[in-house]
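Shown here is one chain on its own, the form predicted on its own, set out as structure tokens.
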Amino acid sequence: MRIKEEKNKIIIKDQPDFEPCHIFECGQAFRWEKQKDSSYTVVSNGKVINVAKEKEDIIINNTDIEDFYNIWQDYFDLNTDYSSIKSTLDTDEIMKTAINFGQGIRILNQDEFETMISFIISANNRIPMIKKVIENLSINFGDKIGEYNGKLYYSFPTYEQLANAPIEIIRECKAGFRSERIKEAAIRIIDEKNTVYDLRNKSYDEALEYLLSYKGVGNKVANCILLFSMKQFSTFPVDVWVRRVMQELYVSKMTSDKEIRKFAEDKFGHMSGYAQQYLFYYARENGIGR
């Protein structure tokens, strides 16, 4: 990987396994917007960036070298060798096909609280609506970041901001029955933030048990939080698309989500989370099992 800084942007050369559409559209994050030129404008860490792929170069606009090394290098997991991960997972024709289809996926390193609230919102919800609720919460309770390409952006609210938010305004953000769960989680995390931000250092079982104690956090949501913000890569979240691809290609139609997760964790081991992302993206983009 070679880094070059130009005016208000970073150019990354010789970085394999990086495709913006694979990264942002594989179900792991919601604060992105695809632009007409196929680039992605992303809000994270109180910043707004635009990410594009031009031939083999990755372009991160609206940033500088300091923020690249302090924020974006870790956010995009650029120190991880995904070629090695893909080689390890490439054990059958199904995975080979899924990996080739989503070859540019990288698992983002996201904030624990934002990821928790985002996936509480995701329960029984569609991605466009999840994104809209998160944007509404950010506009109403987050801090103003500034304008980029004619649009005003806001940071995701802190747990203090959401804990102090009037429940009726949270409902007006279209959070529905999740409104109370969002506020309750934020209030609880004020006292338990050290626990939440240390879950990546706990065993998978300990971290899962803790997350399941929150209202609105079931197995699927908990495992998504563990995978997408807490570096617990041995987990295998099962949603509708993962269920479909697994029942279509690996197990019987009668296999439960719990059994699917156990099958996958036994098969893929400590790389189950990576396998889940390749299979999710492959299934959803191809309508497998629909």
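Keep in mind it's a predicted model, so treat the numbers as computed, not measured. Start at 1 and count along the sequence shown; that's the residue number.
This next part talks about the form predicted together with the DNA, which is not shown.
**Q** Have a look at 169, 139, 123, 145 for me and say which one sits with a heavy atom within 4.5 Å of the DNA in the predicted complex.
**A** Residue within 4.5 Å of the partner: 123.
**Q** Can you pick out, from 193, 96, 174, 202, the residue that has a heavy atom within 4.5 Å of the DNA in the predicted complex?
**A** So the residue touching the DNA in the predicted complex, by this definition, is 174.
**Q** Taking the DNA as it sits in the predicted complex, is residue 218 in contact with it (heavy atom to heavy atom, 4.5 Å or less)?
**A** Yes, residue 218 lies within 4.5 Å of the DNA in the predicted complex.
**Q** Tell me, yes or no, whether residue 277 is in contact with the DNA in the predicted complex, where a contact means a heavy atom of each within 4.5 Å.
**A** It does: once the DNA is placed as it appears in the predicted complex, residue 277 has a heavy atom within 4.5 Å of it.
**Q** According to a 4.5 angstroms non-hydrogen atom cut-off, is residue 258 in contact with the DNA in the predicted complex?
**A** Heavy-atom contact with the DNA at 4.5 Å: present for residue 258.
**Q** Residue 71 versus the DNA, in the predicted complex: is there a non-hydrogen atom within 4.5 Å?
**A** So residue 71 does not count as contacting the DNA.
**Q** Please state whether all three residues 43, 135 and 159 have a non-hydrogen atom within 4.5 angstroms of the DNA in the predicted complex.
**A** No, the whole trio is out of contact, none within 4.5 Å by any heavy atom.
**Q** Within 4.5 Å of the DNA in the predicted complex, counting heavy atoms only, one of 125 to 133, 146 to 154, 99 to 107, 83 to 91 shows up; tell me which.
**A** Contact-bearing stretch, as computed: 125 to 133.
**Q** May I ask you to list the residues of 239 to 254 that have any heavy atom within 4.5 angstroms of the DNA in the predicted complex, in sequence order?
**A** Heavy-atom contacts within 4.5 Å come from 239, 240, 241, 242, 244.
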